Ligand code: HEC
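Just one chain is shown here, as structure tokens, and it is the form predicted alone.
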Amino acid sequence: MESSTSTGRTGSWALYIALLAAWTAMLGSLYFSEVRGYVPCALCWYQRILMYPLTGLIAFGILRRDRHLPFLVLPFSLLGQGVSTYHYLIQKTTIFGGPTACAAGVPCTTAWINWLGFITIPFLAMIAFLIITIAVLTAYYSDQPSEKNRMPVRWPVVAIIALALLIYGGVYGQAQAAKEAAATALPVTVLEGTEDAEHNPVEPAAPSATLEEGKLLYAQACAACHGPNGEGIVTLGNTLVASKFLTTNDDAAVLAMIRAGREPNAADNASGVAMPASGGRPDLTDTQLTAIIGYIRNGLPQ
């Protein structure tokens, strides 16, 4: 009887873990898009479509003590596992060919984060779907015939959801405050003699040996939103051709702007979409970003 009780408790804990994983994944994806400003690609949206319903499905399944919950969850988690694995493979390998652009305009190969060299957003989704799958299978196989009346107690559901929302709210508030502080402190250095950009444009710096490096980095980090030739993409990124900001600011000011990012409602943001800090590539060094700036000034068609 003791073994049976222990098994029942294992099943209960497994469902709580599945619930926590689903809510963490949903709020994490909202953090990346709504706070950090990372634009989701088509495959990201498919993963959201499969993950978001699980937050409510698992919660209501536990509250209703529905013993069929694993059969309701597994179609979502297994399909989501497949989509996220495929997304990760096209980011990190060439098994499915070269980079392709999604319908939304953002290449599905774009790695907004690359922690430790292998952790990307689809990797995190893949792990979340895997945890949910293992958890509900554990709950299913832990259900003993003699324990039909043993089901997860309901109060942890509310506690888990409240804790997840509380943490997200705190992180969101801190991030917004940091953004506002960064925007206020952002240096905008107008070069001498350039009070009127139309009459006194900044002279572009001479091409350097880093032009080819800048071209490659631009294609990898910037072209998805600003276009391969800097022409801009509607609702994604401003045009860089004949940009007033670029012609009236030196490289240091442009670099500072890239590091800080741009809010959707910023005066010089015509796209209406947030530009994430460091262009969504915090792994790039100041030297690499300066090479990109040099390519934008000297390599893009004017």
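Because the structure is a prediction, the values reported are computed rather than measured. From 1 onward, residues are counted along the sequence shown. Only the largest set of C-alpha atoms that superpose within 1.5 Å between the two forms is called the rigid core.
If you look for the form predicted together with the ligand, you will not find it shown, but the lines that follow are about it.
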Self-check item: The unique member of 59, 256, 236, 35 whose heavy atoms fall within 4.5 Å of the ligand in the predicted complex
Solution: 236
Quiz item: Between the options 69, 43, 274, 54, which residue brings a heavy atom to within 4.5 Å of the ligand in the predicted complex?
Solution: 274
Self-check item: Location of the ligand contact in the predicted complex, chosen stretch of 44-52, 22-30, 262-270, 61-69 [non-hydrogen atom, 4.5 Å]
Solution: 262-270
Quiz item: Is residue 12 close enough to touch the ligand in the predicted complex, meaning at least one heavy atom pair within 4.5 Å?
Solution: no
Practice problem: Answer for residue 87 alone: is it within 4.5 Å of the ligand in the predicted complex, judged on heavy atom distances? | Solution: no
Exercise. Find out whether any non-hydrogen atom of residue 296 is located within 4.5 angstroms of the ligand in the predicted complex, and reply yes or no.
Key: yes
Self-check item: Partner contact for residue 284 in the predicted complex: the ligand, 4.5 angstroms, heavy atom
Solution: yes
Self-check item: Within 210-240, the residues that have a heavy atom no more than 4.5 Å from the ligand in the predicted complex
Solution: 221, 222, 225, 226, 236, 237, 238, 239, 240
Quiz item: Core-aligned, does residue 129 move its Cα 2 Å or more between this form and the one not shown?
Solution: no
Quiz prompt | Core-superposed C-alpha of residue 245 shifting 2 Å or more between this form and the one not shown | solution = yes
Quiz item: Is residue 73 one of the residues whose C-alpha moves 2 Å or more between this form and the one not shown after the core fit?
Solution: no
Exercise. Note whether the distance between the C-alpha atoms of residue 121 and residue 260 decreases (closer) or increases (farther) in the predicted complex, against the displayed form; the change is 3 Å or more.
Key: closer
Exercise. Regarding residue 283 and residue 91, go with closer or farther for their CA spacing in the predicted complex versus this form, the difference being 3 Å or more.
Key: closer
